[in-house]
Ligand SMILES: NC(=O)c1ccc[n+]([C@@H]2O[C@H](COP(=O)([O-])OP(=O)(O)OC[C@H]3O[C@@H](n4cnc5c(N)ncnc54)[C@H](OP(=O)(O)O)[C@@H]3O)[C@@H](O)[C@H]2O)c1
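Heads up, the chain below is alone and in the form predicted alone; it's given as structure tokens.
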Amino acid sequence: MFEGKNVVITGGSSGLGLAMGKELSARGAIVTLIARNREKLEMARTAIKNAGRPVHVFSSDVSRIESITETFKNIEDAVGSPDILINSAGILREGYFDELSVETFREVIETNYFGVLNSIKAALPSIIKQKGRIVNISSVAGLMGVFGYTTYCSSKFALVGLTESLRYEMNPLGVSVHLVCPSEFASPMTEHLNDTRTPENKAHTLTIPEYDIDTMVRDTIKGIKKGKFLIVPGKFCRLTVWGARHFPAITRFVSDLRISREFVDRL
């Protein structure tokens, strides 16, 4: 289903976006990567090249509607209409709520929520014309709260709401919408976080063990091929999400217990 399709990936220079680009290129897709850092994009282009298949890169800031709108016009001219849009651009900030500035909340929301919204707005006419797909990468942190992730969870919960609603609007138009909610996995973003994260956050997030990125890619693509709306990569992660939805009191009890073992009374 990916052979010859134009696939545009935001946040494509690293992490899950880059890994998805590699796999989809190997499956015959024409991959276009969007990210802010031109140098990282060129490195990603080199990493993805597969049997001479073309890989296109565009530097853009998804949090700025003017920037991403212009970028999609350029993609339309240079590559053609996107068949699949994968919104993987995101940032992560962790810390105690009382120590986080309002500006930090705005920064995370601008990228993780408005960055996706802006990209969909810019690509939507082409996606509708192609009767294509929109794949929004949210997080398990968009389905349940996490200690230390008040900024991140806020943005991802908003993204879940946007994606749920968008599915109903796109379905009659023949556009498929997918919501991917991975737990933490090995990536540059989490590696950087491990240097500064609070002990309570580490204890809480590791209720679900960290996955390898290959599992994230494999299960995401499998879910897209099956036409699933909600895709939760990883068997244990799926079980945890199921338990949180059906037995929320037990989930909160287990979470409180893990957090209490590391809790630091700072107030």
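The model shown is predicted, which means the values in this text are computed figures rather than measured ones. Note that residue numbering follows the sequence shown and begins at 1.
Keep in mind the form predicted together with the ligand is missing from the figure; the text below concerns it.
4.5 Å heavy atom contact with the ligand in the model of the complex for all of 12, 15 and 61: Answer is yes for this spot.
Work out which of 37, 69, 207, 215 lies within 4.5 Å of the ligand in the model of the complex, going by heavy atoms. None of the other options qualify; the answer is 37.
In the model of the complex, the one of 176, 130, 154, 183 near the ligand [non-hydrogen atom within 4.5 angstroms]: Checking each option against the ligand in the model of the complex, the one that comes within 4.5 Å is 183.
Partner-proximal stretch of 96-104, 132-140, 78-86, 167-175 relative to the ligand in the model of the complex, 4.5 angstroms, heavy atom: In short, 132-140.
Just to confirm, residue 111 within 4.5 Å of the ligand in the model of the complex by heavy atoms? Yes, residue 111 lies within 4.5 Å of the ligand in the model of the complex.
Give a yes or no for residue 125: in the model of the complex, does one of its heavy atoms lie within 4.5 Å of a heavy atom belonging to the ligand? Contact with the ligand, no.
Partner proximity in the model of the complex: residue 188 to the ligand, non-hydrogen atom cutoff 4.5 Å: The answer is yes: residue 188 has a heavy atom within 4.5 Å of the ligand.
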